[in-house]
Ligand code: A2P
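Just one chain is shown here, as structure tokens, and it is the form predicted alone.
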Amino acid sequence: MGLNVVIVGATGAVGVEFMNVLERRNFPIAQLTLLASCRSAGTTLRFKGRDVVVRELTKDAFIGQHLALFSAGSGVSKEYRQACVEAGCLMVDNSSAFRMEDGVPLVVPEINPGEAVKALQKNGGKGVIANPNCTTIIALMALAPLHRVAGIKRLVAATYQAASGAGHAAMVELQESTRDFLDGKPVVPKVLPHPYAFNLFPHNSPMTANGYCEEEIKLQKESRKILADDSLRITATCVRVPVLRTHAEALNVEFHRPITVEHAYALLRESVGVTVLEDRASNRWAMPTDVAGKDNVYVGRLRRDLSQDNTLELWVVGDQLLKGAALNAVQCAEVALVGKLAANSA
């Protein structure tokens, strides 16, 4: 028995990764429907060796569907939420639209899978699961195992974020502007606010009154919700760097209880979805080129903060389009629907 699955925003960078992840993980699909704006309707995409024509998104597109994977921006998610849920279709949303809404589970399946199951049980198998922000997912994959043991008191994060977080058009702009720069041509930014090739700048999300950009606020608020700990003190500086699809994060973590570097390494090596990659003798740690296209989040360079007790430094790298977006969303659907499907079929 398979599920009828809809992808909203199918022609975008995350939409394409949705299809790749569904195929790789052999997600039980009876029928796949690809939806996008009227501009993209009629486009043909490949899934499991066959062509699938993209249809225009309408409010009746969710009738008879079991799962809708959304990655078309918060405005689209808000507009089509009611139609999706009323059709009895589970909505897994990759935008920021519902992440902090009470009653909507914000889920990283390796950390809090039970939140998705509980929310759906309350709503008769319908409703919304929110996919966290990519920066939050990648950080918490490394932090959650340590938090369970030692309790995080304060996090200071510096993130180095790839073009993919701003969408396919930003990735294309990085590629084209790099060619233009090397060819001695003028570089005129169109998607991002500043020249991107051989450059970096503080994250381009909207600035708030307190001096933090929205990306930095997301890391603060979402981490507290996922870890179910409102006492967490979190500060971040998010930076856009000229990398195509992989985020890197330098994390300084103060704990309530002592934890050694050796114990932290042991916990991370045992954690599902985490890979420790390093060669201290060669000063070699995970880089975006190592991690692009990989499902796991990569961790290394753990060390004791010499300036403060009960504090460790970590280096974390993750593919923004995979674990930071499409993979995590599909895993949410697997927890919520595939497990239920298997139980019903037994």
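What you see is a predicted model; the values in this text were computed from it and never measured. Residues carry their position along the shown sequence, with the first being 1.
Only in words, not in the display: the form predicted together with ligand A2P, which the text now covers.
- Exactly one listed residue, out of 316, 291, 57, 67, brings a non-hydrogen atom to within 4.5 Å of ligand A2P in the predicted complex: 57.
- For the candidate set 322, 336, 10, 330, a heavy atom within 4.5 Å of ligand A2P in the predicted complex is found for exactly one residue, namely 10.
- Ligand A2P in the predicted complex is not approached by residue 91, whose heavy atoms all lie more than 4.5 angstroms from it.
- Looking at residue 36, you'd find a heavy atom of it within 4.5 angstroms of ligand A2P in the predicted complex.
- The closest non-hydrogen atom of residue 147 lies beyond 4.5 Å of ligand A2P in the predicted complex.
- Shown alone here, residue 167 lies within 4.5 Å of ligand A2P in the predicted complex, counting heavy atoms only.
- Proximity to ligand A2P in the predicted complex, taken as heavy atoms within 4.5 Å, picks out 71-79 from the listed stretches 102-110, 250-258, 198-206, 71-79.
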